[in-house]
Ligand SMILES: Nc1ncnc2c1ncn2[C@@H]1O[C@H](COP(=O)(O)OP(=O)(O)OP(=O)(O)O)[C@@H](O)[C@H]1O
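Let's start with one chain on its own, the form predicted on its own, as structure tokens.
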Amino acid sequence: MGDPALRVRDASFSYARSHPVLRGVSFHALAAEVTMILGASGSGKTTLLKLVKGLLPPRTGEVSVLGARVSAPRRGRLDPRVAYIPQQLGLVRSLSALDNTVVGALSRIGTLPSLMRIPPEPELRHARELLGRLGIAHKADEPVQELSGGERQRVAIARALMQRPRVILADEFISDLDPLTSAEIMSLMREATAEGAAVVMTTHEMDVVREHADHVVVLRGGAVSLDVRGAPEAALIAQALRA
């Protein structure tokens, strides 16, 4: 077992004038493991990842990542050790796949070299290597807006890995990919955990859960209905989703 990479203690959250989205959620994820968060649409999965990243503050409870309590970022700065791949991907569509990937190194190279598109050569080589491992090296210089949806997802993953993160948060990031590409991407996630990173991802793909999960958390109605190490039987997950 690895060390705790993140802890969520009794966290609740609600948007203005709405019912609670999260209700007293508690769990922890370990370094060097893949934690998968399951739940129906509206169960709070995306909101939970945003709390961990620091994009939203919990109304009650506490979230800590890499030993530090998560709080509102100063001057908009978020912890670069925590990579976040949202469902909407957050890419700059007018920039190339390579330039979007290099954005992941912003904390190392600084804003000015990034804006001027003159990052250090080792960073450029690493970015091209990541795009190659994701099967889109030939798309490196194409604007993201000209790529397919699956190709854009791979660029977002390359950008996240470019951060050299210790925690990777991924929200349904393989949902639109074919099984072979999904397997290749999960292999990259496994390489990240082998280097000590914690991967925390939401998914609906039960085959992915069965093959790759070290830890499963099921949310139902904003609360944890199952928290188990290993990949539980599908029947147990189904029961937790209905509980």
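Predicted model only: the values in this text are computed from it and were never measured. Sequential numbering from 1, following the sequence displayed.
Omitted from view is the form predicted in complex with the named molecule, to which the following refers.
Colleague: Identify which of S43, T193, T35, S182 has a heavy atom within 4.5 Å of the named molecule in the predicted bound form; exactly one of them does.
Modeller: None of the other options qualify; the answer is S43.
Colleague: Are any of the heavy atoms in E172 no more than 4.5 Å from a heavy atom of the named molecule in the predicted bound form?
Modeller: Because a heavy atom of E172 falls inside 4.5 Å of the named molecule in the predicted bound form, the answer is yes.
Colleague: Under a 4.5 Å heavy atom criterion, is H204 part of the interface with the named molecule in the predicted bound form?
Modeller: Yes, contact at 4.5 Å.
Colleague: Would A231 count as touching the named molecule in the predicted bound form under a 4.5 Å heavy atom rule?
Modeller: No, A231 stays farther than 4.5 Å from the named molecule in the predicted bound form.
Colleague: Closest heavy atom of V21 to the named molecule in the predicted bound form, within 4.5 Å or not?
Modeller: Yes.
Colleague: Counting only non-hydrogen atoms, which stretch in 35-43, 210-218, 59-67, 185-193 is within 4.5 Å of the named molecule in the predicted bound form?
Modeller: One stretch meets the cut-off, namely 35-43.
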